[in-house]
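A single chain, nothing else alongside it, follows as structure tokens in the form predicted alone.
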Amino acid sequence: MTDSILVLNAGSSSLKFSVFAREADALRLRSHGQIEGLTTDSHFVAHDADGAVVAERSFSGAIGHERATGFLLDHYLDTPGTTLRAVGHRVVHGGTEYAAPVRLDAGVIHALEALIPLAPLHQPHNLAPIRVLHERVPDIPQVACFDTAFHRTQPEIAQAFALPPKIERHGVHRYGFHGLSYEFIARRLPEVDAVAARGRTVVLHLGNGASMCALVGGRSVATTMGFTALEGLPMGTRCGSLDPGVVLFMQQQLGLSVSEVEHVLYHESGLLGVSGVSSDMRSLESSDDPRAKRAIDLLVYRIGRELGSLAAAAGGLDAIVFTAGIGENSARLREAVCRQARWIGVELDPAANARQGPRISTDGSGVGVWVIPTDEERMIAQHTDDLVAT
């Protein structure tokens, strides 16, 4: 029998999963996939480690998070030759209390439910599979891994807003997100660039959600996201940093309700809102619409602004790392960002950039530039394996 770890990442309308098996001293990806359309007509697909489809099923109507979790549980409990050893979960918010992954029990689940007001669009979906598994298979260990935890190493001053204590005591701090991705990159850095690993590195996690993080010696010292996943860079459909006065204007002068403002900021802005074309970088790069170019230009400009800010927070810059969907695949965007960063000594190697690196800067570049694929699911699996082994 092979011990396996199931990793779950529950979103608003999908449940993504990966299965890792322990082989000798390493975790090997065995299967991955998702159940999408949880609120419409649901569809399940599973791939093997090479990407081939190994299982697929469509459902008539919405099955929701609870039924989707039950389906996955039954599917993998019935897999011959495999023992489900533990389940690891991506949980967006750990608040100020959880600075590391934690084994879940009724008390921890209750504490995470209390954090829902800090991440109302994400936390409830993250917790739904946890509750189902806690009720159905209480003897199978569950581990929560937090997007916020990696940033708890930041100086206290970097986590503060200039707000009075009566507001701050309700948990209003800069938390930062995408921590599992940054942690994976921090662990990979010693294998690719020892100088970057022990020095000052800015990592660009550029996907549908996008942020940047300054690392010093592999530890987070500053990041672009703050109290929510809205702050910082423009994203697929999220606005990024915004003068709070704009929110007041939308409510007071345009008459938008709180829920309407929320929908604009989270779902109608960013690359989609500026371009009017798409939230997908591939579509924008292939479009002749000048609004698509403007959306890309705005993202590149904001990356350049944040790069200078994060370099200042780190006390200098030794390396830049591109990761996540856009960062790993868009040579055009990387070239634009590096061209803008020539003032700090970046020299791009166009040929290396075209072939996706891993190193895309010249040998003489004052700042090393890398493309390193991230793997948040593997990070969750590793944390889960470590915790259930103790």
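Start at 1 and count along the sequence shown; that's the residue number. Note that this is a predicted model, so its numbers are computed, not measured.
The following text describes the form predicted in complex with ligand ADP, which does not appear among the structures shown.
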Does any heavy atom of G199 come within 4.5 Å of a heavy atom of ligand ADP in the model of the complex? no
Although ligand ADP is absent from this view, report whether I326 comes within 4.5 Å of it in the model of the complex, heavy atoms only. yes
Contact flag, A319 vs ligand ADP in the model of the complex, heavy atom cut 4.5 Å: no
Could you confirm whether H170 comes within 4.5 Å of ligand ADP in the model of the complex, counting heavy atoms only? no
So ligand ADP isn't shown here. In the model of the complex, which residue out of E268, E262, E285, E113 has a non-hydrogen atom within 4.5 Å of it? E285
The listed residue (G240, P101, G209, G273) that reaches within 4.5 Å of ligand ADP in the model of the complex by any heavy atom is G209
Out of the stretches listed (329-337, 57-65, 358-366, 43-51), which one is close to ligand ADP in the model of the complex, meaning heavy atoms within 4.5 Å? 329-337
